[in-house]
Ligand SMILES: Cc1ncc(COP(=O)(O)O)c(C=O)c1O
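Next up: a single chain in structure tokens, the form predicted alone.
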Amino acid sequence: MIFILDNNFILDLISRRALNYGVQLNLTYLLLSKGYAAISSSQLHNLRYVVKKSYPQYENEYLEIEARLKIIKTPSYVDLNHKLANLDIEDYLIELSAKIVNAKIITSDKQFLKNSEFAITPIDTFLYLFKEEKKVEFLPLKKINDKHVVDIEQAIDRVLTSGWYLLGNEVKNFEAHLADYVGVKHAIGVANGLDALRLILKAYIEMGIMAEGDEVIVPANTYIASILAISDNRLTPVLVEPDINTYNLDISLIEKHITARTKAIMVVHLYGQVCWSEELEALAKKYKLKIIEDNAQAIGAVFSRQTTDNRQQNQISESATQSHALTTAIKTGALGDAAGFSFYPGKNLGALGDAGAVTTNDDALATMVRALGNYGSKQKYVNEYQGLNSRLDELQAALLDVKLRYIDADNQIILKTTTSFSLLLSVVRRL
């Protein structure tokens, strides 16, 4: 929710000249406190000039307000034949900025109000806010992206002006930042989450670790992409029922499904819940199985493992060592041999379209996945494998790199919301 403040609104506010000054003051405070207030980049030069010339005594006050406003860029597409452009070019440029983010423009200018569907009076803004606050959208993707609109605009502009749209620096930067965030050596951008899982399995086949007809244990309760990635590679999915408490794969049921053809276990971290345990690790080690994580729903989630401080182990007794146990938090995506990520728009880390990634600490696997996702090629026009066209583009990489900076903060908001809902649900169940 964004509101662009028209020039007359700001000038009336700082000069205290409006009859409804109290309304303007309260409204400005409300908008600034919620982070809703904005200004079009086309307004900046004019406002600064007018304030400096006509209201020099309020210049510092204006600059303080300006510093707290979101700046929405004025787009380059301008239709000088537009009705509003002929009436008032300044109002037209502000409207163009409003269209980008679907913002309202708060103004007292009667001409602006009459000729722009985006213009709204200060009083009507209060009514609009009250009505909007009562609405609860199921998945407000636009509002999520609007929080980072300035950074996103800069990222998009950077890609557009670079003239390079595939396999460039934006993808390299995002891959490096994602690998660092997850805590792995390699992150490879791909076209979507399904391809991430497909490419991991395809790479294992090319490496001779798996073969057609081999079995992959997978939870029966998962999105179809987990299964399609297996069947697409002519491997056999072996469905294992979920744990009734988490709806994640029931690890205690895995061993009885392992056969001589079993080559991997695919765990799915559903709803942000980590599906992992030391028992799972022991099974994989015992039967020499790969563990593949479907991490489409749990970026940022962690598994806490108890370890000991090896630096002190030779200096103290065994019993004392136990008292120096440490907890190591490992993010999902770094727990197994490889992991597939989805950046579908509805995910915690969502693109503006389809996108995905593979993470791993296995150098050979990373090299193979990268080649297979690029037509089976490590070198241009030299195609060693029957690969796919599954590459993360520069535009999505640039956008995801922006949103990755805020993923932990965004996850905390989700965590607080779900915790509150869980507490409410537990109370309802007791009634």
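Since the model is a prediction, treat every value here as computed from it, not as a measurement. All residue numbers are counted from 1 along the displayed sequence.
Although it is not shown, the form predicted together with this ligand is what the next lines describe.
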Location of this ligand contact in the predicted bound form, chosen stretch of 115 to 123, 138 to 146, 221 to 229, 276 to 284 [non-hydrogen atom, 4.5 Å]: 221 to 229
Interface residue in the predicted bound form among 297, 97, 233, 107, criterion: non-hydrogen atom within 4.5 angstroms of this ligand: 297
One residue of 178, 339, 188, 355 in contact with this ligand, assessed in the predicted bound form (non-hydrogen atom, 4.5 angstroms): 355
Touches this ligand in the predicted bound form: residue 261 (any heavy atom, 4.5 Å): no
Non-hydrogen atom contact residue 268 with this ligand in the predicted bound form at 4.5 angstroms: yes
Touches this ligand in the predicted bound form: residue 192 (any heavy atom, 4.5 Å): yes
Interface membership of residue 82, this ligand in the predicted bound form, 4.5 Å heavy atom rule: no
